[in-house]
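Given as structure tokens, the chain that follows is alone and in the form predicted alone.
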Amino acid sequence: MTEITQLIGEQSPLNGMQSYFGVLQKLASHSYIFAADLKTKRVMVSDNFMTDFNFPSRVVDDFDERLASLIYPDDIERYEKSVGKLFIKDEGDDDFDFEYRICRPNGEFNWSVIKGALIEDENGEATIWVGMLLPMDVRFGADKVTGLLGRDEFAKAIGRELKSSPDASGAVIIIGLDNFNVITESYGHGFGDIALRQIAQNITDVLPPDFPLYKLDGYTFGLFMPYAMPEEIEIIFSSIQLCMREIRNVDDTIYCTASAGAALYPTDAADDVTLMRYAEVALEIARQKGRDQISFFSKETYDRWRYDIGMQNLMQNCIAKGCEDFFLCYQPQVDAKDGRLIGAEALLRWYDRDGSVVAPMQFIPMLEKSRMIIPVGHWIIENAVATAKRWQKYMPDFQMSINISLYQLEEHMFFPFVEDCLARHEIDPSTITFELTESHNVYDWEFVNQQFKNFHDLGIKIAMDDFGTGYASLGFLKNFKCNLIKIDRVFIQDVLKSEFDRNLVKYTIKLCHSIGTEVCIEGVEEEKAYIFLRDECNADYIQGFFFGYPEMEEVFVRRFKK
């Protein structure tokens, strides 16, 4: 008599299963196998079941209690109801498939499925319940780090929810970790996996019991909330924000934030594919707004997002074809003392697919954000320098101003390209001015000034564009070593009406002159404003519609020759 037979009893129907049970263990090595004698309530478990879940032996009398101790507290009630069904056998109800969060050997709760079937004797009486506990990451190929189901199962679950009732309503939510890649780069991928598991568990803990979390692509998660209103979703998201920010490391506490996008059904869409796409769009918009927040899908925002994506694709195609749809316009710059033309600013323009000219504010921020400004910037400099060289045949000291971005300065081949461009066109570098047109803060002044020192050494002048707006303020003036300050047009608009504006412009120019910096005033559109800036403010240069609009080369040349 074997040890197992002694434990289960010679009369138990489990005796006849022992040989099959051993084979099952080998065939289903990732599963935990068990068989219950429904009469004695004794349960025979597989070797890995006994070892991984710390059962005292291969046969136990308190299997239900031991398994219940592993079930996540919020799932206990469902577990007890499902176990009760085993002993109320209805016709055709002899297969069982239950899902719970179970404490795995590593101490974490993960979704698992318990599948089982009843075996009857020759009299049709159920005598044995055979089953297996199968972790969902094995059953469905779910994420191995978090143990959560993946994108396919998320889509299926949404589909089932939408079909559950003609009045089904709620929200699909996608959560993205904002700076998790920094954590993995700083602490290693091993710690990153631990942190990701911790975050997934923390989010699961704050969700209502019937709202399972899914692991999607990268560092994103998904869930759907039936019958939820936007206010409820915002409350849940606030709980998520609080629960997942602190990640405990051995030495310190690491902070991670999350953004989220939500799409409502059936308001926004009524199928799983569209709802997931709309929630992802809303997530992207939340990140664009500054991260660590939730954004709800709207048709207006979606249309604008699609337009921006379309614009980016068009620009990428344009760049691939040698920037064929970009062109430069030139706006005159004059000497403030006598209105004499001294140069021009090269301004980038772009033809849309229908032949219309796209406003610069629509596409230039996209170029910078996507870093497409780097190849386009090369094209601008090449063409502006070539144009300046041609015009210097008529006016040897003609000055060409060219806009550049901080992103271009960060490109290690930027300076060699500029140096080579000037040499190929055999142009005097002192007739070229680079205008820094960056809308973001500068964190490394030493780097920026070193880059510009290289251009200074070549002979190129440096200008600060749009002084007085955004980050281009006194902080820039203190740190930024430049030859020229360009005062933004917003300070000129009311200069004839407002004494405050007049004094602001006058003393700003005086301040710049006191530190040896020249000043160009942008946006001058009236003669009276020009006279004030010339006679009372002592501006050095003027640029604005009063002296000329941005024009293409052939138009500019005709005016220039006159």
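Position 1 is the first residue in the sequence shown; the rest follow in order. Here the structure is a predicted model, which is why all the values come from computation and not from measurement.
This protein has a second form, the form predicted together with a small molecule, left out of what is shown; the following refers to that one.
Annotation: in the predicted complex, residues I364, D466 and E525 each come within 4.5 Å of the small molecule through at least one heavy atom. The small molecule in the predicted complex is not approached by P209, whose heavy atoms all lie more than 4.5 angstroms from it. Shown alone here, R101 lies farther than 4.5 Å from the small molecule in the predicted complex, counting heavy atoms only.
When the small molecule is considered in the predicted complex, R489 lines it closely, a heavy atom lying within 4.5 Å. Although the partner is absent here, P230 is not a contact residue: none of its heavy atoms lies within 4.5 angstroms of the small molecule in the predicted complex. Stretch 354-362 is the contacting one of 453-461, 424-432, 156-164, 354-362, since its residues have non-hydrogen atoms within 4.5 Å of the small molecule in the predicted complex.
Checking M400, M372, V281, L348 for any heavy atom within 4.5 Å of the small molecule in the predicted complex turns up a single hit: L348. With the partner omitted from this view, the residue of S295, N110, S405, N383 that lies near the small molecule in the predicted complex is S405 [heavy atom within 4.5 Å].
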